[in-house]
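Listed next as structure tokens is one chain, alone, in the form predicted alone.
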Amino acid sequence: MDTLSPAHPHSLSGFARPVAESQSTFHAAMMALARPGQRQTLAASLTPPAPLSEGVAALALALCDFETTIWLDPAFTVSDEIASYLRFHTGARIVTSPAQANFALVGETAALPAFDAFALGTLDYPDRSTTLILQLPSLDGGPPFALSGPGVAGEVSLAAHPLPPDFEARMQANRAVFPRGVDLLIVAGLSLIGLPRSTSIRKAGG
């Protein structure tokens, strides 16, 4: 008989259908980055430790493996459960420095470090940068931004909430160092929006 507590990281489930759900989640993430601002839906069923959401956990399990590193913000380090869950299901190494991370999981956007605290890649190896996965309560209801750039037909709107008050300036500075820079995956529940470093952003109507 399994004597693990229901709260034990090893007793919390990964993907119900590992191959299919991992592949569909990976595809949704790639589509989100290829089509900035266009909402994608994650078809995944899993039980991560709170406060990690299903959507963020699905992305972590699909994108991370034993060769990747993950940084967790303070919202996700209130206990060891989330780090243990991620190590168990992905084999990834949890790092304490944002600059060492291939992926950063952020549960409290008000305390999001400056983008240049993360790995921005180099001109020779721009892919050696951090992908930020932001967990939000909603992809609607925030101050609207207009997105443009590669993968966007004209402009699309972004109103995810809450984002840092200096989000526009952060994204503009990130775009300015292209092809270096961070990429963002913004998640609410099982809905996902991608903001690659190539995306331009301005306040809607501005």
Partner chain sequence: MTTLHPGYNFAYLDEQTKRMIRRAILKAVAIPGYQVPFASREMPMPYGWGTGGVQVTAAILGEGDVLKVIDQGSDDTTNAVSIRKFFEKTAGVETTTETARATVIQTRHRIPETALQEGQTIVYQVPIPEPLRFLEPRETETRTMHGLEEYGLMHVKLYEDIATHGHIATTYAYPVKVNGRYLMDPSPTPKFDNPKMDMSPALQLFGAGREKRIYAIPPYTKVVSLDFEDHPFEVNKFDKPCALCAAEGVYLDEVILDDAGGRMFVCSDTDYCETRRAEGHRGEMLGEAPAFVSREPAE
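Positions refer to the first chain, counted from 1. Fair warning: this is a prediction, and the values are worked out from it, not measured in the lab.
Below, we refer to the form predicted in complex with its partner chain, which is not included among the displayed structures.
Engineer: Name the stretch, out of 161 to 169, 56 to 64, 136 to 144, 40 to 48, where some heavy atom lies within 4.5 Å of its partner chain in the model of the complex.
Structural biologist: Looking at the partner contacts, the answer comes out as 56 to 64.
Engineer: Would L123 show up as a contact with its partner chain in the model of the complex if we use heavy atoms at 4.5 Å?
Structural biologist: Heavy-atom contact with its partner chain at 4.5 Å: present for L123.
Engineer: Indicate whether P196 is a 4.5 Å heavy atom neighbour of its partner chain in the model of the complex.
Structural biologist: P196: yes, in contact with its partner chain in the model of the complex.
Engineer: Although the partner isn't part of this model, could you tell me whether M31 comes within 4.5 Å of its partner chain in the model of the complex, counting any heavy atom of the residue?
Structural biologist: Within the cut-off, so yes.
Engineer: So in the model of the complex, does any heavy atom of A16 sit within 4.5 Å of its partner chain?
Structural biologist: A16: no, not in contact with its partner chain in the model of the complex.
Engineer: State yes only if every one of P74, S97 and R202 has a non-hydrogen atom within 4.5 Å of its partner chain in the model of the complex; otherwise state no.
Structural biologist: Spot residues vs its partner chain: no contact at all.
Engineer: What are the residues of 137 to 176, in order along the chain, with a heavy atom within 4.5 Å of its partner chain in the model of the complex?
Structural biologist: Read in sequence order, the residues that approach its partner chain (within 4.5 Å, in the model of the complex) are G149, P150, G151, V152, A153, R175.
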